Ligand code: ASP
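There is one chain below, alone, in structure tokens, taken in the form predicted on its own.
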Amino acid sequence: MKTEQTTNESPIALDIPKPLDQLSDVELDRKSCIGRVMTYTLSNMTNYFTVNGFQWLLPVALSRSTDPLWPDPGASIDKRIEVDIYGETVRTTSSMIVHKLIASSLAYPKLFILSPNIRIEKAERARTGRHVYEFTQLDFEARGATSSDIMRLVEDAVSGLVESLKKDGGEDLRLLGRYDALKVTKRPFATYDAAKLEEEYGSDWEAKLVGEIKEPTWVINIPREFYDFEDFDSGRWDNYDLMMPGYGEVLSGSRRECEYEKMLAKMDRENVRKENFALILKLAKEGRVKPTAGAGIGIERIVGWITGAKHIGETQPFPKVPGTVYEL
């Protein structure tokens, strides 16, 4: 989950989510209601991926290699957490992208992971409503898949989730004032090109787009990290973000690079430290990195959109808001 334009992230008048012990009885009831929607969402989506042949892998918390989050224009990491163990420097996971590319290439053709991500965001992002410094992604990857395959898979997953939730969890959605606002979306979803959006709206195209769309919408061709597929001849990127109306991005994904020379050239171009990605480069040079495609769905974000949470920290039992550290 990546591309947010900086002009869409200026502070707004927004209450920061409070810890459980500071909530009123009414606020606790709302928290519990959001928790039931979270439970349903996790159950529904993990079942969807397992039924469709994806293997459920366990997450990784510490690793020598993790997502560089560069040159993503939406990245705003204040600091990275590093620790020395056994004489090696390891980092907390900011994304399992490298892990799932290797796992899908070598052993698990179709996989998904409920992956914890720690990204120590700058404190001013506290009031965007869409950033926390610890969150969970439903990361998935499929060997041999195309971008179109993944986009259709996501459309089925999201549409099925909304349809089932309105049927089974209608009471909670009504309590949250979201039942009528959530619609079962027609497929395929509308698609916009990021380059054309920037031409029309400027650098803050995301804010303008999400204010205009009425249904979930794809944005494609977004310049990003070395592992997203780029056509060097045309300069186009084969990737995609899913935008929700009035909310913003809840998913980011792409067809992946698997050619060694292209990965190397992009790392050099963007000044990515190759020593942090030695294994994937080695495997690519040996021809063992296979063509894959996938994405990461921000769990707090999609539940925040479903429930109408003003801040996605509301979806967490113990909010992790940039610039604020509670006891729990």
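Because the structure is a prediction, the values reported are computed rather than measured. The first residue of the shown sequence is 1; numbering continues from there.
The same protein also has a form predicted together with the ligand, omitted here; what follows describes it.
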Report the stretch among 188-196, 163-171, 137-145, 102-110 that approaches the ligand in the model of the complex to within 4.5 Å, counting heavy atoms only.
-> 137-145
Check each of 57, 34, 289, 295 and return the one that places a heavy atom within 4.5 angstroms of the ligand in the model of the complex.
-> 295
So, in the model of the complex, is residue 216 in contact with the ligand at a 4.5 angstroms heavy atom limit?
-> no
Answer for residue 227 alone: is it within 4.5 Å of the ligand in the model of the complex, judged on heavy atom distances?
-> yes
Report yes if any heavy atom of residue 95 sits within 4.5 Å of a heavy atom of the ligand in the model of the complex; otherwise report no.
-> yes
